[in-house]
Structures are given as structure tokens and as C-alpha cells.
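Only one chain is included here, represented as C-alpha cells and corresponding to the form predicted alone.
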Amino acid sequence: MKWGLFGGTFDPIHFGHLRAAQELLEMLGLERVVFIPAFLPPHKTERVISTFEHRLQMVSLAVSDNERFDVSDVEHQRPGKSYSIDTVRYFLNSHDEKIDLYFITGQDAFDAITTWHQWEKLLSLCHFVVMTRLGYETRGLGSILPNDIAVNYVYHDLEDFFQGPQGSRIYFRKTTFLDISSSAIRQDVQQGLSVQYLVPEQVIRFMNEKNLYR
């Protein structure tokens, strides 16, 4: 099985998230993409985020019409901060058959990978798929990982990925650039502006029902 794990705050989820997930699913031949709202994101301490229940419901509504998209509340099932390595271990340990996990993340987040909890072990447990920014050119891993770690990765030109000593891979992939951000959506709602065509209609209805971001 080849599953993508797409974690994030999703406050709220928008078409940028959904389109990128669909493209990566097809690009990498994934069977499904599991959206995983963070319960207590370690790197999101600068602001109060919406309740987990509201964010989970918005993701569930957004992915309901795609049979290859799923949502998991696994990070709500654990106490404390939502560390990615715990989530990856959960999926690896909860399936009897062999499963290849592709951890989907943005370029800005991956550039800070060395600040992640047990990041070296995490890189060995699953493949990483890094969504690159517009105009990004692969710089190699030396500018992101410490040199003594980066030198252990071999670049495979034909398939365009870096492979680590334990077989895990790092992919840098461009997806259609949609200049949409959750923070801008929250700001638009606060100002009474429309977010139609930025967020799925069913999510907009939920936001209005719960009076979110006003």
C-alpha cells in the first residue's frame, strides 16, 4: 500500500490543500491521501487556533466527495503535542500488511526539518514529499540537512528523488501554485469579504453556521 499523509492545522482547509493532494496522489501513484489535522501543532504557538473538532469537521466535509481522500483524528487520540513521528509510527503499526508512507509537507516546513521532534528517525521511517514554492530549483539537501547527514543521500536522476541509507526517499515536487492561505481566508472572513472559490462550499456553510473567524 502507498499512502500519503498530509498533516496540517487546516484552519481552514482550502482548495490549495486539496488540489496539491490530488496532484501528488496521481504523480506518485498513491492509493489514498489521509488528511491529518494537528491537535496541538508544535510550531503553531503564536496564535489561538480553532477547536480540533471544528477543524476536523471542515476537513471531513472538504474530502467527502473524493473516494481516495480520507481524514484521521489520530492526533486527537494522543495527549500532548502532535509530533509527526508519533503519527507515522501509528500508521506503520496499525496495518498488518506492508505500507509505504509518503509524508506530504510544504517547503517552508521541510526547510526547518532539523527543528522537528526526532527528525533523523522520522526521515528513516517514511518517504517525504516536499511541495516546492513557485520558482524553486532543487538546491540539494546540503542546504537543508547537516552535511554529515546529507552526504548519505544519493540522488536518482531518472526518478528525481534522494534516497537515504535505509531506503527512504525525499521527493521535491511542484504542484499547481494556488496563492491561497488559511491566514488570508481568516482575515477575509473577519472583514466580511467573500471566500467563495477559495474554500469548498460545504466548508463555507459550516464556517457560517459556527460563526468561525468573525
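The first residue of the shown sequence is 1; numbering continues from there. Because the structure is a prediction, the values reported are computed rather than measured.
From this point on, the text means the form predicted in complex with ligand ATP, which you will not see here.
- Comment: 181 to 189 is the region of 157 to 165, 26 to 34, 181 to 189, 66 to 74 lying near ligand ATP in the model of the complex, near meaning a non-hydrogen atom within 4.5 Å.
- Ligand ATP is not shown here, and in the model of the complex it never comes within 4.5 Å of any heavy atom of residue 126.
- For the chain shown alone, residue 198 is not a contact residue for ligand ATP in the model of the complex, no non-hydrogen atom being within 4.5 angstroms.
- Contact annotation: residue 106 falls within 4.5 Å of ligand ATP in the model of the complex, judged by heavy atom distances.
- Ligand ATP is not shown here, but in the model of the complex it comes within 4.5 Å of a heavy atom of residue 20.
- Residues of 9 to 26 placing a heavy atom within 4.5 Å of ligand ATP in the model of the complex, in sequence order: 9, 10, 14, 16, 17, 20.
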